[in-house]
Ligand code: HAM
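First, one chain by itself in structure tokens, the form predicted alone.
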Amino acid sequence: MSKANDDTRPVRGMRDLLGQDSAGFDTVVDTLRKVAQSHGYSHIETPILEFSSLFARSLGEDTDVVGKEMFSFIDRAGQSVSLRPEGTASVVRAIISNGLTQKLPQKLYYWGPMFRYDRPQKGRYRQFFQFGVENLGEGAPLSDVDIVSLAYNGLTRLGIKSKLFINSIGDQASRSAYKAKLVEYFSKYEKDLSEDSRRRLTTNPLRILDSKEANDIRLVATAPSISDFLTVEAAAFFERVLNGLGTLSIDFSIDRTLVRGLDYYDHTTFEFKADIDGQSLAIVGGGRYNGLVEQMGGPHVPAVGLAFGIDRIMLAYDASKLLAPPLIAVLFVAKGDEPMALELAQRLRKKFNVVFPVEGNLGKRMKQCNAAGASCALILGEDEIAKNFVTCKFLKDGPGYTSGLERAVSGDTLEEFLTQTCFSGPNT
């Protein structure tokens, strides 16, 4: 294949969003945005590019994300910068650098592309999209309940069937005791562990529980459970979270293997999983991270957050069922009718979506209207302009009319006619 042909292909692990995929993406994001706002969250936009040290500091030098998966390069100033692999670190950086730790709580949502140099597969791309929610400044169990319910409400509105799995990794005292027990357990099988897990045995044994290696998974299945090491305070915190979910009638399963390996995580951790092509895949993940702001140089700030994996949600969401937006076409008959038709299209766009084809003869432009999915075409010619009416030709069947039917409609009552005849309401 020639270099010119290579240039026309997307980079491996990245893709274009077109047609129904693009419409589905917009619907998912818009739905999640409305749900986040209904929970009192406001929008934040952070840069796609950050200093590499930000992620090394927040995620850890020995994580696969930092060590193997980041898109990093040296800029012209000789500084190492990276495309963001996740959104939480950037939000926390923004909170600190903008002095917002003095104005807590900060309840923020964001969406956009993230980047990881990982093996591409269905639902997992090197450029992937997340919708994230972060609550910084609230440390009560009810905040955990609220953010889990936000995820539940978002998936419910999208019509996605999912299951909630939840766990507690306790407070610092709980994890210290648990880590010691994990080291004792895995040390007996050190020779059977993967290379990465042997390294993690001395750096952070909790990360062994996240391993995807088959032999590690087998050993993890019989490893000690964090539930046996929760302090009284941590157990009480978790119980209040579960009681809150019960109050909201949100079903859940406790998964004792659901453990976040990073040091700043504590207490609640959760995932929503959906059945996608016969596999149970996580589509939302989150948890409490009370130590991150302090780890990144700020004060101690309790925090809890989540991220929706939009790419996987798109696999579970049936975009083919999207209702096309109401669309009206405006057509002029002859060149001299163009100004009035242009004014009509502009007027109708205050209430409706309007397509205004301009190339070709009337028949060719009518075909363009049909291809665009317009419900009706409003035709303006010399006679219509002189008598202040439009010819409405229906392009689809609907209540009270059939495709091909034509009606003469007064220009003074056109909007009312379109609303009552073609659509249930403007922009619906």
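When you see a residue number, it is the position in the sequence shown, counting from 1. Since the structure is predicted, the reported quantities are computational estimates derived from the model, not experimental observations.
Beyond what is shown, the protein has a form predicted together with the named molecule; the following relates to that form.
- With the partner omitted here, the stretch from 343 to 351, 120 to 128, 224 to 232, 163 to 171 that lies within 4.5 Å of the named molecule by heavy atoms in the predicted bound form is 120 to 128.
- The single contact residue among 116, 107, 207, 93, judged by any heavy atom lying within 4.5 Å of the named molecule in the predicted bound form, is 116.
- Only one of 111, 152, 356, 264 comes within 4.5 Å of the named molecule in the predicted bound form through a heavy atom, and that residue is 264.
- In the predicted bound form, the named molecule sits beyond 4.5 Å of every heavy atom of residue 216.
- Among heavy atoms of residue 326, none comes within 4.5 Å of the named molecule in the predicted bound form.
- At a distance threshold of 4.5 angstroms between non-hydrogen atoms, residue 88 is in contact with the named molecule in the predicted bound form.
- When contacts are judged by a 4.5 Å heavy atom cut-off, residue 193 does not count as touching the named molecule in the predicted bound form.
- Using a 4.5 Å cut-off to the named molecule in the predicted bound form, each of 286, 307 and 312 places a heavy atom inside that distance.
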